[in-house]
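For reference, the chain that follows is the form predicted on its own, supplied as structure tokens.
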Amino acid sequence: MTFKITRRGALLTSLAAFAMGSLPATAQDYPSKPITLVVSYAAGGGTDAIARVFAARLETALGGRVIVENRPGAAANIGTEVVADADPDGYTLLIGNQGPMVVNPHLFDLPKDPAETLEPIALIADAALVVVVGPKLPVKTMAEFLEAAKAGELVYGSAGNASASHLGALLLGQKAGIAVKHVPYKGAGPAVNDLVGGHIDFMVTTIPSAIGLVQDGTLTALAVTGPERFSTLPDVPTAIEAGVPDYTASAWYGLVGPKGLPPEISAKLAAATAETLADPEILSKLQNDGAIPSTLAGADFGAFMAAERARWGEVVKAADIKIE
């Protein structure tokens, strides 16, 4: 697919160039050494894929090396705490998503609250999910799925506790008024394998983790969870179109750093992010992952995360989730 530079893209690029050209000398010298971009998940997952696409182009925008470092474990809390503990000099950053940033505070007694120990820099992208079923549940539409669910509790797999796939399926159960049972896995890959093998009934998962299996007929896609249909799955309706009112869910990815990050460094990173997201090649790669680039930065990104924290807190409370 061919992308054209739109007025929005040109404006973002111009803003990025202006912001970077008007920063203090301390920011002009940044970066003078490699930047570590921490991913709180194992390599190969959705967050890791977005991080690597983003980091490769961010290097060009910043004029310095950006190294992706995977620090998985403890429902993504380990990598998040690594960045919270780092010096606020702009050389240790985090790709944060809704799990560790806004859901985990409702599930764990965290020694470091992300809202208090991490600095919002820019929201990178928001990616819709897809509701898929395997051979264990031979349904073709969301209506048939809901009918099967009302006949007995369905079992779903996820990439792990507090992951987008966990919360997306949980919210689906609440909005559709059906009983669902959660089985957490260590990543989307193992969960998808068990779905194909017939060990679980369904998943609400990232589009890249399932699209190949949907296209070859191994899995059946019932709905996408965004407000619009996904271009590579044009015949798959949105969940709202398919009969689940007020149901949307997504996996979002943002750039954050340790609290106390100098404003001029944060501004330079936000400008470099805007430049990165205006690149047609990056737009194409993000779209292939079902992601829509964002323009939120700084305080606006922080307000977005606060709203997400409140939203998912209500979902967690309603489900009375307990993490052992």
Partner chain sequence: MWDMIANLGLGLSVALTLKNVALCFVGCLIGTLVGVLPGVGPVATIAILLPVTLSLDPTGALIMLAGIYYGAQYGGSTTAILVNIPGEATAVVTALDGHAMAKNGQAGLALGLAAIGSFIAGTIATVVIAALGVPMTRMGLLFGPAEYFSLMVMGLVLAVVLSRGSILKAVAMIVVGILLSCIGADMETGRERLTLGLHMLHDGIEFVVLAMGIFGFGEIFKNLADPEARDVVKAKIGRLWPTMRELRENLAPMLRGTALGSILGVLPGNGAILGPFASYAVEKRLSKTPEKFGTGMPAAVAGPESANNAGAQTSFIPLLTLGLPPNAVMALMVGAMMIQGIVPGPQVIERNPELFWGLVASMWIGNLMLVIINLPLIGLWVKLLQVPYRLLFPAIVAFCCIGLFSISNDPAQIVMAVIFGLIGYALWKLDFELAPLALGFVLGRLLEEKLRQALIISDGNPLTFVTSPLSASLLVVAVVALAIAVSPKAQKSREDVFKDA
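Just so you know, these numbers come straight off a predicted model, no measurement behind them. Positions refer to the first chain, counted from 1.
Beyond the structure shown, there is the form predicted in complex with its partner chain, which is absent from this document and is the topic of what follows.
Undergrad: Residue-level question: is Asp194 within 4.5 Å of its partner chain in the predicted bound form, judged on heavy atoms?
TA: Looking in the predicted bound form, residue contacts with its partner chain include Asp194, since a heavy atom lies within 4.5 Å.
Undergrad: My question is simply whether Asp246 lines the interface with its partner chain in the predicted bound form - judged by any non-hydrogen atom within 4.5 Å.
TA: It does not: once its partner chain is placed as it appears in the predicted bound form, Asp246 has no heavy atom within 4.5 Å of it.
Undergrad: Considering only heavy atoms, tell me if Lys259 and its partner chain come within 4.5 Å of each other in the predicted bound form.
TA: So Lys259 does not count as contacting its partner chain.
Undergrad: Is Asp29 close enough to its partner chain in the predicted bound form to count, meaning some heavy atom within 4.5 Å?
TA: No, no contact at 4.5 Å.
Undergrad: Though its partner chain is not shown, can you say which of Thr141, Thr218, Thr238, Thr117 has a heavy atom within 4.5 Å of it in the predicted bound form?
TA: Checked against the cut-off, the match is Thr218.
Undergrad: Tell me, out of Ala74, Ile178, Leu233, Ala86, which residue has a non-hydrogen atom within 4.5 angstroms of its partner chain in the predicted bound form.
TA: Looking at Ala74, Ile178, Leu233, Ala86 one by one, just Ala74 meets the 4.5 Å heavy-atom criterion.
Undergrad: In the predicted bound form, which of the stretches 270-278, 40-48, 251-259, 58-66 has residues with heavy atoms within 4.5 Å of its partner chain?
TA: Heavy-atom contact with the partner occurs in 40-48.
Undergrad: Taking only heavy atoms into account, state which residues of 283-317 are within 4.5 Å of its partner chain in the predicted bound form, ordered by sequence.
TA: Counting only heavy atoms within 4.5 Å of its partner chain in the predicted bound form, the contacting residues of 283-317 are Lys285, Asn288, Asp289.
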